[in-house]
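In the form predicted on its own, a lone chain appears below as structure tokens.
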């Protein structure tokens, strides 16, 4: 027990409150670096009929933001209704929403029967009314029926509910998106009292909601970017303070640079780091370079399979130095880079590895190969001579793999503070 005499149960309790690499953050108290977005969302919901669409790259923290604010806005004892859009049709998602609204809380005013509580005003058939009164949701087949059923369910909930529609970009068809657009408009026009979040991978709301523009006035668009340096450091500082462990600035900056602003990497590396410290035979008040190296190794082994598979597909079948070329792509805070700048990074990386870099022609050939199916199309050519990773979240994993091999990338960070990493792998 090497951390402030904490028992393992107490240590795990603190760890789970501050570091959640495998699940979204659920409390505003532990959501770091998103104060402006939280303010934007809460103010948007002050406008009746307004809902919120959070969009950004994979892994940037969209679900954490929606769930944390959703819990904050929910009545005591209630949780947001979470609905996955992955492969589900509009009608199946709406049936799920109605079911959870009906069954999550006692029906306001007692059990409904035909003619009570103004049921006739909903325009539903007698059969549907009877099923809903028995808390059974029938199959839904039209937009008007969906809106009527949801309004019925919302009116009978004792408190205003919050619903989160996650992975909106994974809806199977444009027809489903169009139905959602019409649904959002109808919910606003009829002032149906439910707060709705939508999250999706995309650079703009228009790219995710391909439908008539009249629905946009009912949505607040929240674009989520990777965490800035203050947010990255705040995650580490909060966990360190709760555990009573000191983390030097050099280590913090290395973790922050590796993460590229994607919270998952900070949570994962710090979780591994504190377990290494906890398992130390001696009492530990300050993290050492050796602790950090062990944490990096453990994080590489425990990374999300999706990221590992992309990396391995691009590099594992080839004897040439495709791995080092990927490292060079990730060696700067700018996401889209010129090939000439990537080559400069590559030459320096190969120098650190004690290997001569190949000639420029061979380098260009390998860069182009990384855009092909045989290498998982891991790179995109955005314009003549410019490249970027197909999946932005992958850059953190590439940096993590390089870090394990003793190559520190992104030395230009953190440019906002003027501080520079200090060469952790050379420290005793």
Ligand SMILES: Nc1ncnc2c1ncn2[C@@H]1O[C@H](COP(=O)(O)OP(=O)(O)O)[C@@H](O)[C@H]1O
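All values derive from a computational prediction rather than experimental measurement. Positions refer to the first chain, counted from 1.
The protein also exists as the form predicted in complex with this ligand; that form is not presented, and the subsequent description refers to it.
Of the candidate stretches 360-368, 394-402, 32-40, 375-383, only 32-40 has residues with heavy atoms within 4.5 Å of this ligand in the predicted bound form. Heavy atoms of residue 226 never reach within 4.5 Å of this ligand in the predicted bound form, leaving it off the interface. In the predicted bound form, residue 390 stays away from this ligand, with no heavy atom inside 4.5 Å.
Using a 4.5 angstroms limit between non-hydrogen atoms, residue 94 is distant from this ligand in the predicted bound form. When contacts are judged by a 4.5 Å heavy atom cut-off, residue 58 counts as touching this ligand in the predicted bound form.
Here is the short version: of 151, 339, 264, 177, the single residue with a heavy atom within 4.5 Å of this ligand in the predicted bound form is 264. Only one of 235, 296, 222, 326 comes within 4.5 Å of this ligand in the predicted bound form through a heavy atom, and that residue is 235. For the stretch 9-45, the set of residues having any non-hydrogen atom within 4.5 angstroms of this ligand in the predicted bound form comprises 20, 21, 22, 23, 24, 25, 30, 31, 32, 34, in sequence order.
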